[in-house]
Structures are given as C-alpha cells and as structure tokens.
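Consider the single chain below, provided in structure tokens and representing the form predicted alone.
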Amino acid sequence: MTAHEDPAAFAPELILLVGAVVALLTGSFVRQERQWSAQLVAAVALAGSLVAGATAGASGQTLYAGSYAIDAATFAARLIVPAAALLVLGLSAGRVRGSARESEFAVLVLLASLGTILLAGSTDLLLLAVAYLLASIPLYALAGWARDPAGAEGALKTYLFGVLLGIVMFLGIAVLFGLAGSTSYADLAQRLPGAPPAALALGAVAVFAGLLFKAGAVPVHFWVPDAVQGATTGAGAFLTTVPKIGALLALYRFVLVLPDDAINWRLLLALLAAASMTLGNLAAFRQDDPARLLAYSTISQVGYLLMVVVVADPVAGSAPLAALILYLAAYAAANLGAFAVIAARPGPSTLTDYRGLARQSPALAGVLVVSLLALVGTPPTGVFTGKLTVFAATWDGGWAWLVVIAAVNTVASLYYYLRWIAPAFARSDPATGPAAGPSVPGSPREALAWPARCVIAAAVTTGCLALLIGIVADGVLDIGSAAIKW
C-alpha cells in the first residue's frame, strides 16, 4: 500500500468525520433531555483527533496523489483546531444544554473543524475548493443556530458573503487551472512564472478573496460584527477563532506558489494587513457590546497575522511559518478566554454591566484580564511572543513600514481592551448591583449545575493556556520549523 493510499495517515480527519456522523445519529434517536450525549460524542471525537494528530506528527508526506500534505502547517492545524473546538463546546455548555438542537451544534462544530483542517493541508486547488465549502456551510448554520432575528440576520450576511466570495474563489481556481493546466500546487509553482501577468493577477486575487473571507479580513469583513453579535456566544467564539486557523495557513501555503516577478501580491496583502488592523481598531474604540468589540478586535488581529503571509518565502526558511503558528495558537486561547467570560455571564450586554466582576467572581475577572491583555500582546502571554516573532519576521523581510503601523495599532488597541477591564475592577453600584447571569454560581444549586461548571472550567483553561503558550513558545515555534509542502 503506497503512502497516498494509507487511510491511517488521514486518521485525525477521519475521526472527526466519524464523530460527526455518530453525533448526528445519536441526536436523532435520543430524547431531548438526553441530547447531551451527542455533545459527549463530539468531545470524544475532538479529543481523539487531537491525540491522533499529535501522534502522527509532521511526516512531510503527501496523500492522495499529492493533494494533501502532512507537514508543519497541517500538524499545527490538527492540534490547534480540535483543542479550540473542545473549548468552544465547553464554553457553550450553559447555552446549548437542554436545547432541542443541542446535537446539531455539536455536529456543526465537528464538520466545520474538519473543513478547517482540510483547508490548512490542501496542496491542490480542487481540494481547497472542497475544504472551503466544508468549512463554510456549517458556519452559516452556526451563526443562525439560535433561530432568533439577530441570529438570522447574521447568518444571512455570512451566507451571502460566503457564497459570493466562494464563487469568486472558484473563478480564480478556474483561471489558474487554465494558466497552468493543473490544479496541483507543485505544478502551479513550476508553470505560473511564465503565465500572462494580468490573468495570473486575476486568478490570485480571486483566490485571495475566498480565503480572506474565511479569515475575516478587510475588505470582506462586513459580515463579522453582525454575525458574532447575533450568534450565541459559543458560535461567535468559533466564528472568530477556528476559521482563521485554516484560512491563514491555506493562504500561506498558496502564496508560496505565486511568482514574485509577475505580480506584486506582497504589496497587496501588506496593504490589506494595514487596513485590517487599523479599521478593526478604529471601529472597536466605540463599541459597548462585548461580543461586537471582540468581533472588531478579531478583524484587527487578522491584520497582524497577515504580516507573516506577506513575507512567506520557500527560500527564506520556516521562520515566518513558525511565527504564524505560534500567533494562531496564542490568539485562539486568548480570544476563546474572552468569549468564555461572556458565556459565564450571559446577562450583561454592555461593558459597564461587568462592573464589580472582580468582587463577585475573581476567577472570571482574572481570565478577563489575562485574555484581553494577551490580545494586546502583553508579556508573558503567548500573543506577546507571537507578535514579537511576527514583527521580527516582517522586519527581516524588508517591510519596516508595516511593522511600524502594527506597533502603533498595538498600542492603540490597549484603549478599548481597558474599557472592558476597568469596570470589572470598579466598585459596583449599590442601587443595581452587578449583573449576574445564571451561569455564575450564586446559589448551591447553580454551583452544582454541570453546564455552569463546564463554562467556568473552559474560561479558566483558556486563561491558563494564554499564559502557558507564552512560557512554552520555543516548543510551539519548533512545530513550525519543518518545511512546508506545496
């Protein structure tokens, strides 16, 4: 049996697929009060996929006629995506428990996670298109899972943007296939340098459009705020975290096959990176809704992540890829931590409603501080090390002006994160008291409710991970030190 015919090499992805099928069947044949069993199946599948991915490592081989690579980028996705999805299930427990569509939530998370990993490992444009669909369609349903007007609006906007930009991306794939006569990245790298620049630019920009939509970058970011605000907290956390992992790793892999002398794609991505971090920050300054603030925050974070893609170069070594992987892992932990605090207090709808949080729940206040300061890039969190490596790689790549813009935006972002932290440590209003959601243990019965414990545990775990990744940053950087396949 040859390597590309070995199903065992595809074990992490197959575990997610089987888990999604089993969770769907479980939810179809058990009573509503036992729908939690589908969540358990999903958690086991994600844990199994995580273990299988860690065991498989980055072998460097390609599967199925060279269309899928098991390299550093895929290895990172196999670790970060299931771990992030597990945390999403935990922080969503308080909201989805007992719902008639509890099993649907678990299935959608599994399928979207599977599509994200496939997106990161694709080395063929056709597989990239399939992975885009598999990673996108469940997101439309997740955005509108609550079936309320706000969720429906967010889901509709996500769907319209996703379909439109998906069609544009498929057009780009068709153009590149026409230029190279193949959809394999290996063939594209050899044949695109001699292609007509105008047609090559059209195909590349069209593919960029689809992947930038998945990442939530400017100028295709307009769906993000409404989708995150209208979705449930767990769905919003997933929307702003997991798709970025696959999209940015796929974008990094794709640009390696593009010739530098034919089109100036680096300048285009650099301008989009600067626009994303700047516009995301400017829009976040005046946000009072925590979910909407995090939505604009995630747009700005994409700008920092795109900096690494600008300097991606197969000749220059693996330093940019290692920086990207570290930043993605650290960002996932910090972002999920902030959403976990929202999930633990579902009542508050404005930043000032968190007044007195430190007195009522010191653990949640600690998670909030760690997560938000991590998103800024404060030591010793993982995002600090991630930003430092990203800035260093970008500076070494000759894009000093982009590093300066990123540094200014980093300092500016501290303002709106502190707008959330400050009320948490302020004295609560004695007339109204701090807003307390049902998931915050305020009575023995609430404290013993397992969904509430899951949410609190997820919050504490993400806060610890945001710090831990900064401590073990060297080990995370080693994951990205291997060569990437195309």
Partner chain sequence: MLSLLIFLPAAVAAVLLLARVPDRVALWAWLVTGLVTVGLSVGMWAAYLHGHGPGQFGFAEQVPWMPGIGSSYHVGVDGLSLPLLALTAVIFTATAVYSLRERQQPRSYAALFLALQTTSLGVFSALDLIVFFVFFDLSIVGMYFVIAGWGHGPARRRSALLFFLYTFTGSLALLLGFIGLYVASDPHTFDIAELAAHPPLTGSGAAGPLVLAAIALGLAIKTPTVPFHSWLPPAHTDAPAAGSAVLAGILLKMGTFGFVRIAMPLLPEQWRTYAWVFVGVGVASVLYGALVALAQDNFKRLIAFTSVNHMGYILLGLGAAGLAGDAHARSVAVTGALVQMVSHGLITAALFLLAGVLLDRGGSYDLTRYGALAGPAPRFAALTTVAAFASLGLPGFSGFIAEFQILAGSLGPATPAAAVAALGIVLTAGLFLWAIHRLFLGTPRTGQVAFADLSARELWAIGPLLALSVLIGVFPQSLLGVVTPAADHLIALVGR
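Positions refer to the first chain, counted from 1. Predicted model only: the values in this text are computed from it and were never measured.
One more form of this protein, predicted together with its partner chain, exists but is not displayed; see below.
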- prompt: Here the chain is shown alone; which of 136, 389, 297, 183 has a heavy atom within 4.5 Å of its partner chain in the predicted bound form?
  reply: 389
statement: Assert contact residue (its partner chain, in the predicted bound form, non-hydrogen atom within 4.5 Å, options 194, 379, 178, 98) equals 379
message: I have 410, 418 and 426 flagged as a candidate spot, so tell me whether each of them has a non-hydrogen atom within 4.5 Å of its partner chain in the predicted bound form.
response: yes
query: For residue 460, is any heavy atom within 4.5 Å of its partner chain in the predicted bound form, or not?
result: no
message: Although the partner isn't part of this model, could you tell me whether residue 422 comes within 4.5 Å of its partner chain in the predicted bound form, counting any heavy atom of the residue?
response: yes
query: For residue 473, is any heavy atom within 4.5 Å of its partner chain in the predicted bound form, or not?
result: yes
message: Contact with its partner chain in the predicted bound form for residue 222, defined as at least one heavy atom pair within 4.5 Å: yes or no?
response: no
message: Only one of these stretches, 390-398, 269-277, 255-263, 128-136, has heavy atoms within 4.5 Å of its partner chain in the predicted bound form; which one is it?
response: 390-398
